[in-house]
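So this first bit is one chain, no partners, the form predicted alone, shown in structure tokens.
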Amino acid sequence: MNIFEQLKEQKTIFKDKSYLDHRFIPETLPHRDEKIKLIAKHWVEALSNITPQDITIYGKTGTGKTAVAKYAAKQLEEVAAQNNLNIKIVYLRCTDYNTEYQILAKLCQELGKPVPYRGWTKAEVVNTFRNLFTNNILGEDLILIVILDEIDVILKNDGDNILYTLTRTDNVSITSISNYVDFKRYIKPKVKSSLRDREIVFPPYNAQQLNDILQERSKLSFNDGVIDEGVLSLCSALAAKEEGDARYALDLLKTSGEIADEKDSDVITENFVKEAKDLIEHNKIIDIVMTLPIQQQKVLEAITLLTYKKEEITSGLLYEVYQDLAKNDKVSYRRLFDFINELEMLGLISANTISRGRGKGRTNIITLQCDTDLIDQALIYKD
């Protein structure tokens, strides 16, 4: 028997795993009605052929930002189609399209104008995109809403040229999504002034809200009676501690079900949830560390070495150890602080400023926030 047919025929407690994927957009989004209405309030002007104001959506990972934006987009597209309105919404993840060229090429393609992803000059791509609007090639009533998810990625890697181009193109509205409230520090004042966005902040889910989300998804995903009492509450409580991350809650529940299948169990128990937590955290940290730029890896390696020595890690001491590791490829002391901030945002370290007392000034104390063995393992894999 074919191995895939054999695996497909194995007993499983799942009815359909796809409903536990964070990319799945359900028919209802529990506890996000207010945010859906806020986005709709800004976009509704498109139905009157008025270009909507730009929107910026902030919030930690797993707070529903992307799901809400896509949900509102789908509803607007439905109304536009019913009323024969020329409204186009394009969703782009800046991890997939991380340069101005790539984004504009994709937008041109979505609007029916073939543009290659390489080979043209940037000016050619910019002019081709703008000409679609200035020459009314797609109709003078076209309104384009561009959703740029994880916008901080392109701003860090490629600068703010994409915002400059889009804000200076008629009939284009930008909805930016970011996990970081300070991402606008990458935007120059002249671009920021033309953005003139409205900001929407997504708070983390609490444990009860996460439980409500899991209750709905579990009915779609699992066979009846396979989830022990307390499992959904435990997944919700653990995710609430992870800054209210609904993705984490869904991943915990799905991984717990997969562990139950591997162990040929008819039910998911709380012990499986605890195993899933360890597995997810292990994989998450290794993936993050392996994808860090080499200089940030060197900083993290220095922090790990000092943690092994049980030394108080000040920024000055860290820079000394980092210089030994980086040798001739080291960055400046000031640049080191950028790396510390970025590693802290990723949850790998914490950095606290403390006072040494009168006349002794203040200093940063850095602490590793994950297991040293995982860092070592990730750095070995990278090599």
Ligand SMILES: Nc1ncnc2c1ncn2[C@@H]1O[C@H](COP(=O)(O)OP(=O)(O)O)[C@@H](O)[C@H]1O
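The numbering used is simple: start at 1 and walk along the sequence shown. Here the structure is a predicted model, which is why all the values come from computation and not from measurement.
Same protein, other form: the form predicted together with the ligand, not shown, and the subject of what follows.
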Among the candidates Ser332, Asn352, Thr28, Ser48, the residue which, in the predicted bound form, approaches the ligand to within 4.5 Å (heavy atoms): Thr28
In the predicted bound form, the residue from Arg247, Lys298, Lys184, Lys254 that sits within 4.5 Å of the ligand by heavy atoms: Arg247
One stretch from 63-71, 37-45, 315-323, 334-342 that, in the predicted bound form, holds residues within 4.5 Å of the ligand by heavy atom: 63-71
4.5 Å heavy atom contact with the ligand in the predicted bound form for all of Phe14, Lys17 and Ile227: no
The ligand contact in the predicted bound form: Ile213, any heavy atom under 4.5 Å: yes
Contact test in the predicted bound form: Tyr205 vs the ligand, heavy atoms, 4.5 Å: yes
Proximity of Asp21 to the ligand in the predicted bound form, heavy atoms at 4.5 Å: yes
Partner proximity in the predicted bound form: Arg217 to the ligand, non-hydrogen atom cutoff 4.5 Å: yes
